[in-house]
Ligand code: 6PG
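Consider the single chain below, provided in structure tokens and representing the form predicted alone.
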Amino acid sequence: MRGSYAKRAISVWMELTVMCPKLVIAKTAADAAIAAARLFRETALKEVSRKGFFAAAISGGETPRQMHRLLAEPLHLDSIPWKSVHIFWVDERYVPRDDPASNYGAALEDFIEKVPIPKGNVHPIPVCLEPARAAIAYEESLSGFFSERGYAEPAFDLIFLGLGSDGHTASLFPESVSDEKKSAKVESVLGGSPKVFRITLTIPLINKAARVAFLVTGKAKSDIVSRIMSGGSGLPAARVAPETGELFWLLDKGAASALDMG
């Protein structure tokens, strides 16, 4: 099993259509997940070697869960320096950990409980607090974590984002997206499906990251992918533009099918 997955991962990487350094189009959703897992691994190795730790913020949903499960496969399990990896969340719903809608609970099941990451390196959003307080607490936690490591403000090494058919990303919805001029790095919002309170990183914080990667699959997302990559008319996902970092689009052929490749 160890050898077969490694061979498949190498094969997928060789077969990817790379239109430019930051746009990767895979044949299938499974192949896009392999590309995402590789980006996670390579960034972790680079950052741990460079500064001793790797800080990543992950998203929920079925598409990223495919990538998360791969992180527990031997190729990544054995090569990622897990003791120096710190996992945070892009957003979280106000549901119990064992609820299928919990991003934290899903990540625990998919890879966190299967890899040798110290418990103290896992930083879930505190949904045990009321929403406004939870947002403040998570922002304080992020500020403290990065301050202890010499950062003036939080700046993730890698953030994985999804994309909704309405142009939302994280839990930043078109009807509730925050003003980018505000200083808040974490906010509470009410929206989405199910319509519940959520805690989310904000656009200004996301744009401080060294690397941000949209992982999007399926033809149903092709129109919104094309719209966002063409400017997006101010939709939340279109506001993602790392100030000094890199923006990646990891797509399968379905999600990329409406792009103008001319």
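So that there is no doubt, residue numbering starts at 1 and follows the sequence shown. Quantities reported herein were computed from a predicted structural model and do not represent experimental measurements.
The same protein has a further form, the form predicted in complex with 6-phosphogluconic acid (6PG), not shown here; the description that follows concerns it.
The shortest heavy atom separation between residue 170 and 6-phosphogluconic acid (6PG) in the model of the complex is within 4.5 Å.
Although the partner is absent here, residue 218 is not a contact residue: none of its heavy atoms lies within 4.5 angstroms of 6-phosphogluconic acid (6PG) in the model of the complex. 6-phosphogluconic acid (6PG) is not drawn, but in the model of the complex it has a heavy atom within 4.5 Å of residue 198.
Within 4.5 Å of any heavy atom of 6-phosphogluconic acid (6PG) in the model of the complex lies no heavy atom of residue 188.
For the options 139, 91, 73, 157, the one in contact with 6-phosphogluconic acid (6PG) in the model of the complex, meaning a heavy atom within 4.5 Å, is 91. Of the stretches 35 to 43, 60 to 68, 202 to 210, 222 to 230, only 60 to 68 has residues with a heavy atom within 4.5 Å of 6-phosphogluconic acid (6PG) in the model of the complex. In this stretch, 107 to 126, not one residue has a heavy atom within 4.5 Å of 6-phosphogluconic acid (6PG) in the model of the complex; the partner itself is omitted from this view.
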